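Shown next as structure tokens: one chain only, the form predicted alone.
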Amino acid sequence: MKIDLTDTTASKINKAMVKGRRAIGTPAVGMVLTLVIVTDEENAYDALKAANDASREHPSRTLVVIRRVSRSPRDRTKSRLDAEVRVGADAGTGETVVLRLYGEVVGHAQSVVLPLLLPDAPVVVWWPVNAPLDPAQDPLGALAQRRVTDTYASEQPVRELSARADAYTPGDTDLSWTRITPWRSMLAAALDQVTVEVKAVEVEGEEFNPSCELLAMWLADRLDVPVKRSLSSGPGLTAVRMDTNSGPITLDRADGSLATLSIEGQPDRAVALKRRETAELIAEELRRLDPDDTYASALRFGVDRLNAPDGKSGAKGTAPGEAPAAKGESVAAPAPVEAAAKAPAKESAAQAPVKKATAK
């Protein structure tokens, strides 16, 4: 069921949602959170489709905030709010409100969103594109316990990672980090099977893919070894190679779907490692609303410390695919991470492998 409201208010939108729920015979509110999507008209459809698919696992009230650009100075002085209320089959397992803001109200989106939040329920804000440099300081981001961005959608992904590290606030996360969860799980499990010392790592993936940098920073942060970031034709991440004192450990995914895990002295194993849709990524992020300390540690390690050729502090280099003037950074080898060296070998899927893994 869809209800269109033109030049409306938050109060009228709330009344329309109640009317819609009663019309379809579900007056009770059974949603667990409010998901606020801040996007533009071009990307609104894809973002809303992903949110509706994710709502099967997390029933939520979805508020889509679309800031419309006024064509003339006169229009920019006039405020107007249009809304489209969706309930029932048109809104997944929750309810959806598409908000289109015009004129001066564009700069006060939080005043429109605040009365529409579910009472006593967590708030998650997601920017599919054009995320602010400091999500926690954004007026909409300040309303949320969890703030989701996607550096993959930015024009300068590597520089964006540096900006995210500088502005990190507990509760921030990135879909580029979510994309590498299966890789982190598989690498942690591989190191848990053998007793080895990792000496160096190479992460291979397509150009301008921040997930590759994040995986490399995570490995460098946890293992305290030099990590090289190399380029491939993709798709996405294609391989991780670890040089150990007992031979190489390789996780290779050439086709974006099926990977091969190779460990010295063991037969090769095929593992499912497909590239996931946005709906799966959002659903994963909504499963936990507490701060992701592992992401924070990897992010703060610094993309400029990758690709040190000799493992010495102060080595210079440029991240793959980045022009020094535009996005390049001076790079140095990872500083020692005492916690990584002392961490136990048994790691969960959400945690990192350690430098010395002891078989159980």
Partner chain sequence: MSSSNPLRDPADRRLPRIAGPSGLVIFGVTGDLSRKKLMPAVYDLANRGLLPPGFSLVGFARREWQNEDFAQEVHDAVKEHARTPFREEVWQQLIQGMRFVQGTFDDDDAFERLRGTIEELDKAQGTGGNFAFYLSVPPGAFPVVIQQLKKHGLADQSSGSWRRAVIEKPFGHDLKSAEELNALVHEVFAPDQVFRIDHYLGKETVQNMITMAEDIGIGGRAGYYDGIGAARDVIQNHLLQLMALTAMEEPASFDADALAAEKTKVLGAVKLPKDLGRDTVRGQYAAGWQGGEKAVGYLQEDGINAKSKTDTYAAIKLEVDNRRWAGVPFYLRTGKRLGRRVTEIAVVFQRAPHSPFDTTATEELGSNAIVIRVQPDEGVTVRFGSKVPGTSMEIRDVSMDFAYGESFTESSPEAYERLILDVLLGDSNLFPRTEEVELSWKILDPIEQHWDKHGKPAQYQAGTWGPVEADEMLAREGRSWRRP
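Keep in mind that this is a model prediction, so the values were computed, not measured. Numbering follows the first chain given and starts at 1.
What comes next is about the form predicted together with the partner chain, which does not appear here.
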Checklist entry - If contact means any heavy atom within 4.5 Å, which of 108 to 116, 268 to 276, 227 to 235, 150 to 158 contacts the partner chain in the predicted complex? => result 268 to 276
Checklist outcome for this item: Only hit among L133, A121, V129, L258 for heavy atom within 4.5 Å of the partner chain in the predicted complex is L258
Item to check | Contact residue in the predicted complex, chosen from S79, Q137, T181, Q145 - any heavy atom within 4.5 Å of the partner chain | outcome: T181
Item to check | 4.5 Å heavy atom contact, T93 and the partner chain in the predicted complex | outcome: yes
Checklist entry - Would T294 count as a contact of the partner chain in the predicted complex, using a 4.5 angstroms cut-off between non-hydrogen atoms? => result yes
Next on the checklist: Whether A83 contacts the partner chain in the predicted complex should be assessed with a 4.5 Å heavy atom distance threshold; does it?
Outcome noted: no
Item to check | R68 within 4.5 Å of the partner chain in the predicted complex, heavy atoms | outcome: no
Checklist entry - Looking at the partner chain in the predicted complex, is some heavy atom of each of N43, R100 and E213 within 4.5 Å of it? => result no
Next on the checklist: For the stretch 219 to 242, I need every residue with any heavy atom inside 4.5 Å of the partner chain in the predicted complex, listed N to C.
Outcome noted: L219, R222, L223
